[in-house]
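Quick setup: one chain, the form predicted alone, written in structure tokens, and binding and motion questions come after.
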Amino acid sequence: MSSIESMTVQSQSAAGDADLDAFAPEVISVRDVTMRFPIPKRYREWVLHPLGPRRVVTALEHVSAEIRAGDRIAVMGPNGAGKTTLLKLIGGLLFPSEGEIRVKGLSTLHHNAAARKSVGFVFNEERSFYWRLTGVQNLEFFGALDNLPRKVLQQRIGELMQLVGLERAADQMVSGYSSGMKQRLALARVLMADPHVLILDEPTRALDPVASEKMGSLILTDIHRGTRKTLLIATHGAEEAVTLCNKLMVIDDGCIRGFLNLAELNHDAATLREYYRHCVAGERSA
């Protein structure tokens, strides 16, 4: 059995625990959230209507969802649908225009610092590191920002570099890392603070098939099964969603069009595509 097949079997087995997951505590609550962004005025508008109101674009409108501890949710939707905006709101990087988001009972607006401690956001690796520092030096820097004691920090770095398979490249400058190595280092960086929730934005983007398999196995087997962290994974790939996740959230035009347990789709990528098309195309034709 190939590693990707093995991962799929493991994911299917986890989906069989849906009845148990239903009793898991709620870790994220999104309640009637709307997010608007102001559109900068053009020069002509400043000249002709200097006191006129600024236009806004609505990225999310009246979005609500409940996410339970241990969930592995694939967040899918067209480009510009509002996926990244929702994930940044959950991560406490943005504040909603209306509504409320709570992480482990803490409001991301009123208790932002405390809520953010429970969430780790894996950014695009290209912007995440100091390339002239080694992998270990980068983790030391970010660990210091998390106020980890030095003794704890050194132990944590050793454990994480081994977890993500970078122990042999620990003292190598990040500029020499491959894309897959940078992605794994990004995971190690976020895991430094041991968050309850991990948000991953297209974790296998730009990786070759072998590196994608390794990343998927790391996320599903070592991180999720080892710690039971809650995962929110933004992806465009049906196979990746089926392999790594137990639930699917479809976002389009700023609204959640579908949110269900993948066991209801028999954990089949072709069926997932059909459901996705129905959610997106169905709403647009309505």
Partner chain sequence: MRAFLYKALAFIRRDFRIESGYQAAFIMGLVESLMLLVILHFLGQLIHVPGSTGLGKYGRGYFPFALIGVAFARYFDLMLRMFSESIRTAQVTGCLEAMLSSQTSAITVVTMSSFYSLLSGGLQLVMILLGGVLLFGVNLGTMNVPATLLILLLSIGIFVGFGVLSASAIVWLKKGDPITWILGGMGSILGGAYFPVEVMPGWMQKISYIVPIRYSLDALRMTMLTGASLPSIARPLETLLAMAMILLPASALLFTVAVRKGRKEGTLVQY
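Small disclaimer: the values here were computed from a predicted structure and weren't measured. Positions refer to the first chain, counted from 1.
Note that the form predicted together with the partner chain isn't included here; everything after this is about it.
Within 4.5 Å of any heavy atom of the partner chain in the model of the complex lies no heavy atom of residue 192. Contact annotation: residue 79 falls outside 4.5 Å of the partner chain in the model of the complex, judged by heavy atom distances. None of the heavy atoms of residue 179 is located within 4.5 Å of the partner chain in the model of the complex. Though the partner is left out of this view, residue 163 does not reach within 4.5 Å of the partner chain in the model of the complex, counting heavy atoms only. Across the options 69-77, 204-212, 149-157, 179-187, residues that bring heavy atoms within 4.5 Å of the partner chain in the model of the complex belong to 149-157. Site annotation in the model of the complex: the residue of 30, 219, 234, 35 reaching within 4.5 Å of the partner chain with a heavy atom is 35. In the model of the complex, 137, 140, 141, 142, 144, 145, 146, 147, 148, 149 are the residues of 134-149 with at least one heavy atom within 4.5 Å of the partner chain, listed from first to last.
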